[in-house]
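Given next, in structure tokens, is a single chain: the form predicted alone.
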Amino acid sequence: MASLNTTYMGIELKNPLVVAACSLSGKVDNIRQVEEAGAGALVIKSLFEEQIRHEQDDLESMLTRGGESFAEAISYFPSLEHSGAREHLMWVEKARAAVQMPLVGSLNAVNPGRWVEYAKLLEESGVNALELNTYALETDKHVAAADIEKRLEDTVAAVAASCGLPVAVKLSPYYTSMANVVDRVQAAGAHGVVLFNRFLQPDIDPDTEQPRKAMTWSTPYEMLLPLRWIALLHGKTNIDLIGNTGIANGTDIAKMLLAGASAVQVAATLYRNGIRHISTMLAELSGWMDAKGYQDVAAFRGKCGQNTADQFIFERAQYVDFLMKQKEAKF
């Protein structure tokens, strides 16, 4: 049987399937099931900036409440044991104690500063790595693209310098020069990039004429965007490339590895098929490798990356080729 062993930012994994940051990690029983199903690792749902702000706002409110009261009324000062971000950190520690598989702590990082403090606290909780979830939608017309990228770079540098854990950056697909951004976050201290963060798009209800939340699971077609960029970046960077979005089965994992991914992250397919689907995906990947005669993941990783495959297939030439074929087709 083929070996699925791989590494994830220097961390030894028994296979390349990593459960992405999602609500599945909100219950210890789920995390145990993920480990029992055979996952290589799990990313614990993100600590968001809103949680930290909420904690800070509550603290300021409670510290100023009764400000003119008797000076020895120390009961006005709050306990932070179960508030906001602190509660999240306690949960991470509980998850760490429940399983042996590698765990990755996730931060929704937008700005440096307090994030450094919480990166250190996550490190103390026992996680094996950190993932910076750069989920932010820029709407200020006065903020230039270069400013956004510089802020990202500064955040990565501050967090990476603050702790001894390997750091991955979960990027959006909307940067003008993706290869340059990946190079810059690597220079700032990142050990891996997760391609890509999937924004949840709001909808509008035409009956009520009001915006509404629209939760839709990713589809296999969405896998093609990260697949393309992993293939383009493979061999041009030393940073680990992690595929995310639309990965539904073992064949999809094989595709990502062929492109050059070190590992993949999955979530939607587990909501559709259950946590036990992890075992199915791994069996499918192993079966594919056996059929191809591959003894381990290293034997075929990057085989279809741009540096080894047709050098133009993942670039504009593919689009030109498609248009020419459409022009020649008869309807």
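Note that residue numbering follows the sequence shown and begins at 1. Small disclaimer: the values here were computed from a predicted structure and weren't measured.
Beyond the structure shown, there is the form predicted in complex with a small molecule, which is absent from this document and is the topic of what follows.
At least one heavy atom of K45 is located within 4.5 Å of the small molecule in the predicted complex. Taking non-hydrogen atoms only, Y174 never approaches the small molecule to within 4.5 angstroms in the predicted complex. Although the partner is absent here, Q265 is a contact residue: one of its heavy atoms lies within 4.5 angstroms of the small molecule in the predicted complex.
By the criterion of a heavy atom within 4.5 Å, R198 is counted among the residues contacting the small molecule in the predicted complex. Here the chain stands alone, but in the predicted complex its contact with the small molecule, taken as any heavy atom within 4.5 Å, falls in 217 to 225 among 144 to 152, 217 to 225, 178 to 186, 202 to 210. Of the residues G250, G246, P166, P102, just one reaches the small molecule in the predicted complex with a heavy atom at 4.5 Å or closer; this is G246. This chain appears without its partner; in the predicted complex, the one residue of N128, N108, S162, S125 with a heavy atom within 4.5 Å of the small molecule is N108.
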